[in-house]
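Quick setup: one chain, the form predicted alone, written in structure tokens, and binding and motion questions come after.
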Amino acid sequence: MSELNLVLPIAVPIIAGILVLPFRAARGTVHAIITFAVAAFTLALSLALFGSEAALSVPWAPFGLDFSLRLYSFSAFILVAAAGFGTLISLYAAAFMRGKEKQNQFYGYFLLTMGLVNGAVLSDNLLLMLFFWEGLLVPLYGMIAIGSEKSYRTATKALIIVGASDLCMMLGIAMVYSITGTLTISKVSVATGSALGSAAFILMAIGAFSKAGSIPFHSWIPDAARAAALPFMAILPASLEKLLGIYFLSRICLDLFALTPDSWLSVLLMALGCVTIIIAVLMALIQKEYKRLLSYHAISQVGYMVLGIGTAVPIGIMGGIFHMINHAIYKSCLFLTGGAVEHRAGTTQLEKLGGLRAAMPVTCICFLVAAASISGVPPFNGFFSKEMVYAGALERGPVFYIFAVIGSFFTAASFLKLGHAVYFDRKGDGMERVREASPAMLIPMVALALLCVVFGVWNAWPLDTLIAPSIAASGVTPGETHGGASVFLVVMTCVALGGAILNHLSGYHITRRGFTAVDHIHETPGLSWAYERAENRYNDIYDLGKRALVFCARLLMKVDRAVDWVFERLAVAAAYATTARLRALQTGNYSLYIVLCLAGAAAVVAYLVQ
């Protein structure tokens, strides 16, 4: 294999994206064909590279900045996954985006995203990785901004949140370089026992959290669900950024810092994972809009990945990485079902939908499979990855396991609400004219739904072929991690799922509508106060930052006015008062002047003598 083949998955999509971007087209058919062809080529090349190892290093700039690429089991796995999702979603986008404005920009940014993600995955130099990592801010901003007239506000919000967290990662990389003297990822090994090492770990992890969409760097994702084109949600927040963010977090924990179970950083990661699970899933539960509900679940599921990797035990790490790929599969499928509903029904408001199972049967089945997967229903893929995360969390402590199971209860409850409201509730106005999505939109959905089944029933294959070699390359012994979960874990999962079903049935009995079946949770004392604050964005890091800036601006304005008052009023008044006193002494009495001069001279002499 030629080492130059490592450059092709990066260069081809980026060059194609740059060529597509400036050329407009009325229908965008050529853009769609080029995008699908490039994505399919990248997938074929990634499959050809899979199973092999290669490295390429070319001197690029001083201070250890080399153009270094490395293909090994983990990066090859992510490369195939990213290309696979890109290919399926490019096919879907060809139907969804037909007739829409700014298609050249969408497809151009789409291709740039694929190339930059591949570059970040293959990079073996921290600064080179950072170059591709930061480059993703451009298509991120662009794909959100072209969504609607005011989408630039959400795009700016995403740019600021992700950009600020990336600054933290830059500082962490600088610390790593100061500790190790190298920027080569495969050669970096930092102990977390020292204060500097722990600080570097946290700063670099912040960048990974933000890219993956973890709390508190998540708030732009639900806003983007409303503002951006649906394929954007499927390709970036749902799949590629999750793959890239969790991939880099895994590299940080397994390679760069070698996280151990007895480290306080491990506890910190698990705590953050639990907080992300609970807060995001509770917000998803009360949403009344299809895509916004899914966006909060895209955040919540990151918590399971962070929790699993944070356990620093083999079964938890494998579960977290397995959940990463499973999430990308079922969440992409869910977003595509949402796009199909929006495309045919013209809305994603739950109160306006209903009864679509007959009009859109294939979309409904794909939704049910993906919803069962994300809820952890056996034998779908989400069940097995969650059970592995549960096992790792339980090994570290029952508290973490309890939070994870509670998250599963609320996940199942919210998808019972969503599925009931959209597909099984009474029909909304105008839903009689809705028909099934086109084949170009159905094929990616069906393929992803089938993967949910395949990766569940035959879970040993992805675990042995994809996951185990990835962590084994980092020195972690996978051990026996599949073939069935413990009876206790399965029983508790069934209890959580059963509780969610009973909760939904009781709520539906009260309200008689699917989309209001969990409103009683929203109105629970204590939770209602927290929900009110969350809905008013009191917990949004971006809005908190804006409020802090406004407070600082007002405070500084008061300081500025105080300084002006001191110089313009106090100083002037003091000067007038002093001169008035001095004028009063000017009596024309020479005797008085002589006395004052002698007194002044005496004071000077006394001072000098001392």
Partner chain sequence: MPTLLIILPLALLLILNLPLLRAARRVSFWLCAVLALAQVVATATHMGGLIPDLGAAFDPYIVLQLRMTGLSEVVLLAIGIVVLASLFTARAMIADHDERFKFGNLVILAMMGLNGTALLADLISLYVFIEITAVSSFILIAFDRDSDGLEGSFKYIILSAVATAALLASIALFMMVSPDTSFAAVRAALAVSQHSFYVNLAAGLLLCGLFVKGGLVPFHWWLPDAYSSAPAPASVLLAGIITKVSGIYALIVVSTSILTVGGAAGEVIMVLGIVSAIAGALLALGQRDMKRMLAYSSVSQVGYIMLGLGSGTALGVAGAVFHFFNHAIFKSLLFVNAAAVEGSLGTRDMDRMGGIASKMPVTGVTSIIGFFSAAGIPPLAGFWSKVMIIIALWQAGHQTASVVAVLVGVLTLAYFLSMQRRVFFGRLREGLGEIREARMSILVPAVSLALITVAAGLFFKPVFSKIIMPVGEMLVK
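If you superpose the two forms and keep the largest set of C-alpha atoms that fall within 1.5 Å, you have the rigid core. Numbering follows the first chain given and starts at 1. As the structure is a computational prediction, the values presented were derived from the model and not from experiment.
Although not depicted, the form predicted together with the partner chain is the subject of the following passage.
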Checklist outcome for this item: In contact with the partner chain in the model of the complex (heavy atoms, 4.5 Å), from 65 to 73, 568 to 576, 46 to 54, 31 to 39, is stretch 568 to 576
Next on the checklist: By the heavy atom within 4.5 Å rule, which residue out of Leu582, Ala562, Ala548, Val58 makes contact with the partner chain in the model of the complex?
Outcome noted: Leu582
Checklist entry - Would Val605 count as touching the partner chain in the model of the complex under a 4.5 Å heavy atom rule? => result yes
Checklist entry - Wondering, does Leu19 line up within 4.5 Å of the partner chain in the model of the complex on heavy atoms? => result no
Next on the checklist: in the model of the complex, does Ala25 come within 4.5 Å of the partner chain, counting heavy atoms only?
Outcome noted: no
Checklist outcome for this item: Those residues of 590 to 606 with a non-hydrogen atom no more than 4.5 Å from the partner chain in the model of the complex are Tyr590, Tyr593, Ile594, Leu596, Cys597, Leu598, Gly600, Ala601, Val604, Val605
Item to check | Core-aligned C-alpha movement of Thr579 between the shown form and the other one reaching 2 Å | outcome: yes
Checklist entry - For Glu568, is the CA shift between the shown form and the other one at least 2 Å following rigid-core superposition? => result yes
Item to check | Core superposition between the shown form and the other one, C-alpha change of Ile18 at least 2 Å | outcome: no
